[in-house]
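The structure tokens that follow cover one protein chain in two forms, given apart as structure 1 and structure 2.
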Structure 1
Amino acid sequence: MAAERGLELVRELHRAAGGHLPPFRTEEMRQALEEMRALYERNQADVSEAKSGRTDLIFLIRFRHCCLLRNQRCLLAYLYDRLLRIRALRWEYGSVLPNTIQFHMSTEEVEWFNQYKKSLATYMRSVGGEEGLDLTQDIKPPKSLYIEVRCLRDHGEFEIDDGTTILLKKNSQHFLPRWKCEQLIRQGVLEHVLS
């Protein structure tokens, strides 16, 4: 059936629940664009014949045009949904994405992510005075300013605002300011110990 390749890309994203980013389907995108080009070329040929008096081709031309529009909508929905998921990953993981996620992105998506990251950093520096305002901290309102955390892997030295340096070694537990360790929790270096 016509215009199924674009729809299949949208279905794949729909099946990837929970904001998971499936691998970018370069070959399927290429096939859908090739199908659109072929439909357009056939329409161009039939339009010139229809102008010369063959009115029986008008319905076929309209059908192909609808297929073109459907494919276009599906491809744009696929790309837009992926960008929304990538934008959400910036807020979830911070400015450095894990390699497993970057592996699923196209080069254009990686470039878009880097531009978004720079734009967000520029904005955060422009608000909040000299130090800027980190909008990625405290995504959920904190219940307390300090939390107990356990280090899941060796990370090295970690400095907090009062100048104290803490060595984050595997399985060590610390009582730290929430806003200083939220990013490390999202990166999987620390875990929040719930008592």
Structure 2
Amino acid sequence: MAAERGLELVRELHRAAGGHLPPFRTEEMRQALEEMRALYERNQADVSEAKSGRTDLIFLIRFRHCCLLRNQRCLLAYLYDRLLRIRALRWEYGSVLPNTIQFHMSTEEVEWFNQYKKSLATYMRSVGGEEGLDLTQDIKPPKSLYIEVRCLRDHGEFEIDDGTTILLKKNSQHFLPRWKCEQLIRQGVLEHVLS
């Protein structure tokens, strides 16, 4: 009782450090909402009794109300913090999330992610002239147009703007345009080599 499940959800999220997204706990969420519903119904019943004279119930009603508010707070904070983590994923990972992460999200969260992607894309298209401005690029100020990269794992073929394809095999080094590789570096496929 007393909002234990809601608190457990919050604790789990707090423990997951570094913005990591743990799986969505549908079952615990459902139980917490069930608890809230039961508290609410009992309060409704007691309020009508209290109005007809039983003042000793007022404390109980107040107590249940506190529990309801507490549950509400825990659940809202849980959902909101998860959304913040999912939003961070768009900026750190890119617009396509790997399946392992998608399994951790509920359907509504996947829906929210898609909407967020769309809003971000619309916004990026609207700034910076005709082709828009990709805000997720150049997170650090660039020093040169082309950069030296080393491949950390096999990634297959990679096509660059002038049509040539490059085979990304482990430990191969290439000299590539910055804007093509930034995504792959952030995902850990390539490594930026400083000369």
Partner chain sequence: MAEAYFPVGPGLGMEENFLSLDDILMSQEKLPGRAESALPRLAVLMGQGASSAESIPEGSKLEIPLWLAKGLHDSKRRIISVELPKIYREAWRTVFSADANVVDLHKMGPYYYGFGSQLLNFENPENPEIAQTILQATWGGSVLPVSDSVCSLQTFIARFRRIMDSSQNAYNEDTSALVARLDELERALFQVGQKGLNDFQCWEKGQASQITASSLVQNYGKRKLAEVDG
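Worth saying up front: this structure is predicted, and the values here are computed from it rather than measured. Definition used throughout: the rigid core is the maximal C-alpha set that superposes within 1.5 Å between two forms. For residue numbers, the reference is structure 1: its sequence is counted from 1.
Self-check item: Of structures 1 and 2, the form predicted alone
Solution: It is the first structure that is the form predicted alone.
Once the core is aligned, please say if the CA of residue 37 is shifted by at least 2 angstroms between the two structures.
It does not reach a 2 Å shift.
Residue 152 C-alpha relocation of at least 2 Å between the two structures, rigid core basis
Residue 152 C-alpha, core-superposed: shift of 2 Å or more.
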